[in-house]
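Take a look at this one chain, the form predicted alone, written out in C-alpha cells.
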C-alpha cells in the first residue's frame, strides 16, 4: 500500500488516477486549487481521500505522515487556458514543480512529473521518440505551457543530479475521455467536436484539417501511468500515447458518424505554431507490457454517453 500525493488530482487525468489508486487499495491525498479541476470529479472517492485546497505555486502545503509517491499533474492543459492564464500556467510547471519536488525529497518519496508531447513542438520525426530534442517557438502563445513543461523536466533532472531525487518523467500525448475540459476556441479538440456535434452545430476545423494527432482513451492512459508507478525505471522519460496518427478532419467526420449528428464541417484559420503532425513512439512503455485497448470510435462513443448522462 502506497501513500500518494497527487497535485492536480481534481483535474481530468488526476481524478482518474486518484480513482485507480484508491481501487487498488492505496492512500491518496489530493492537492488542488480548483482553478480548473472540479470537486465533482472526485465524487466517487471523496470519502476515501484527503483533500487540500492549495495553490502549489504560493501556498505552504503541510503533509503529515509518510509519502511514497508525489505525482505532479497540476497545470491547465488547453490552448485557450494557456492564452488566458499564461503566467499561472508558466508558474505551475516551474515554481510549483520546485515546491512539490521539495516535498518529495523531504519525504524520501518518488516524484512523477506529468509532462507533455508539446515539448516536441512541431516535430520532423514522427512517431516521435523520447530522445527528440524539440522544435518550438519559445516566445509564441503556446510557450507558457510548452516551455514551462520543458523547464519542469529540466528542474526534475537537476534535483535528480544534485540531491538524488528519484523521479520519472511522463510525456502525455492527446488523451480524451469523460471529465475532459477545454471545449472553447482552440481548446481540447475532441471535447469541442463532440459538444458541437451533439448540438448539431457546425464543427470547426482549423486549417485544412490535415494536421494529425494520436488520441488515447483516458483509461488506457491511466493504466500506463499505473504501470510506470509499479514498473517504471527511475531516471527515465516515457511517452504515453498511441503511435497511430489521425487527421483532424477525419476525427471530425468520425465524431459526426458516432454521434449521428447533422453538423457540417467548417474551416477556420490555423492557429500559429500549431503542430502539423503528432504521434508517439511508445516502444519504451510498450516494452513494459502496455498497449492501448480502446480505439477512437469506441472511445468517442463512451465519451458521448458520459455527456448524455
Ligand SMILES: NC(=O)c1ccc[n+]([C@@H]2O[C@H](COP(=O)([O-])OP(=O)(O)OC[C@H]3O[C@@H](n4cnc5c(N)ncnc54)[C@H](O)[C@@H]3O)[C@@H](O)[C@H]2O)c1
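Given the structure is predicted, the values throughout are model-derived calculations rather than measurements. Positions refer to the first chain, counted from 1.
Below, we refer to the form predicted together with this ligand, which is not included among the displayed structures.
- Proximity of residue 13 to this ligand in the predicted bound form: non-hydrogen atoms within 4.5 Å are present.
- Remark: residue 55 counts among the residues lining this ligand in the predicted bound form, judged by a heavy atom distance of 4.5 Å or less.
- Although the partner is absent here, residue 34 lies within 4.5 Å of this ligand in the predicted bound form, judged by heavy atoms.
- Contact annotation for residue 196: none of its heavy atoms lies within 4.5 Å of this ligand in the predicted bound form.
- Shown without its partner, this chain lists 225, 189, 104, 77 as candidates; in the predicted bound form, only 77 has a non-hydrogen atom within 4.5 angstroms of this ligand.
- Checking 116, 167, 212, 94 for any heavy atom within 4.5 Å of this ligand in the predicted bound form turns up a single hit: 116.
- Contact with this ligand in the predicted bound form, defined as any heavy atom within 4.5 Å, is confined among 136 to 144, 196 to 204, 107 to 115, 152 to 160 to 107 to 115.
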